[in-house]
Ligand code: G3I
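Just one chain is shown here, as structure tokens, and it is the form predicted alone.
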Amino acid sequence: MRPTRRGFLAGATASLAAAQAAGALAARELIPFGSAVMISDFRSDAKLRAQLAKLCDVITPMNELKWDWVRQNRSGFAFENADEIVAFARKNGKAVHGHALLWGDALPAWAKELRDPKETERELVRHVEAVVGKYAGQIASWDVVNEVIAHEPTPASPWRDTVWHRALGPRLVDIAFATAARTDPAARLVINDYDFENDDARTAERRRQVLALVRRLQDLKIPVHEVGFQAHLYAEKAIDRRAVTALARELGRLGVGVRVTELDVIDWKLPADPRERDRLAAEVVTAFLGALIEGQRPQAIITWGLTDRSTWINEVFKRNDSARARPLPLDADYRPKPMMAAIEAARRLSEGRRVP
């Protein structure tokens, strides 16, 4: 059990001791910060490993727990790559966030051919039982379902078209969550999705659909603990602060927490000047995190990588000039950028707020 503020003060015999105790308590109340990491970068980059150990409270294996890494062979499971990252995290006193038990992408060839509902359900249950069971007591939280809401949902068609949905329909979510909850009752179970933060009709419908998904699980008495905001933020788009706060508050009323799972800034339409891009990136991060924290305190703020040396944005969101993307808290030389300062400031905004 962690000491309380009262316990600290009761043992203090001088004002200096009391101040030190209060400071220690405040430090523990900071929102945990973390980063996802790929095994190739982790193995090849000693500086990256040092920064993960220094800066992070939480580490996410970026790809190594996805189906196409773990299940290339249908008859078995390959955990070696994930094991390496999990062992590093545990050795260095870090929590691990698991990503992802069910996603429509990143599948081995055999899984893409699943059609029969009974066979598909058997494979899904087998996978979740094996992966969650393997890391029970080691991985504290899981993205149970990733990106199950359609990119452009409608009330009549809210689901993303995947092999899972074609075989199982909406039950895919029920099966995945119920199996994860049964396999590791101590783990926090997360619906992870993107595009909750902008001011347009498509994003508003995505917010409505994630609330509907939470309520569906609750109506079925299936545990759901958090919604993960991926937060791949478009720097040229304003954050709908009121809507983000309202979504977080409504989730809190439902007893469901929030987590930032994949934070980075898509800067493809910003000026090439790195100082200007860094300033604008920090502004959008500040706006998003401030709005989210106003709604409720996140369980963690996790970035999709730690340094600009390695990011998916260079390949997916190509600029019209020769400048490299600058989406992450540290630059390519591991120097902290204004985005890191924005995250640190946000971590302190929520001291004392309730967490569902």
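Residue positions are given as counts along the sequence shown, with the first one as 1. Keep in mind the model is a prediction, meaning the values are calculated, not measured.
Not pictured, yet referred to below: the form predicted in complex with the ligand.
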Interface segment, criterion being heavy atoms within 4.5 Å of the ligand in the model of the complex, picked from 326 to 334, 285 to 293, 59 to 67, 45 to 53: 59 to 67
The ligand: the contacting residue among R277, H232, H127, K94 in the model of the complex [heavy atom, 4.5 Å]: H232
Residue (of E123, D240, E205, E147) lying close to the ligand in the model of the complex, criterion heavy atoms within 4.5 Å: E147
Non-hydrogen atom contact H99 with the ligand in the model of the complex at 4.5 angstroms: yes
F33 within 4.5 Å of the ligand in the model of the complex, heavy atoms: no
Partner proximity in the model of the complex: A106 to the ligand, non-hydrogen atom cutoff 4.5 Å: yes
Contact flag, E262 vs the ligand in the model of the complex, heavy atom cut 4.5 Å: yes
Within 303 to 323, the residues that have a heavy atom no more than 4.5 Å from the ligand in the model of the complex: W304, W312
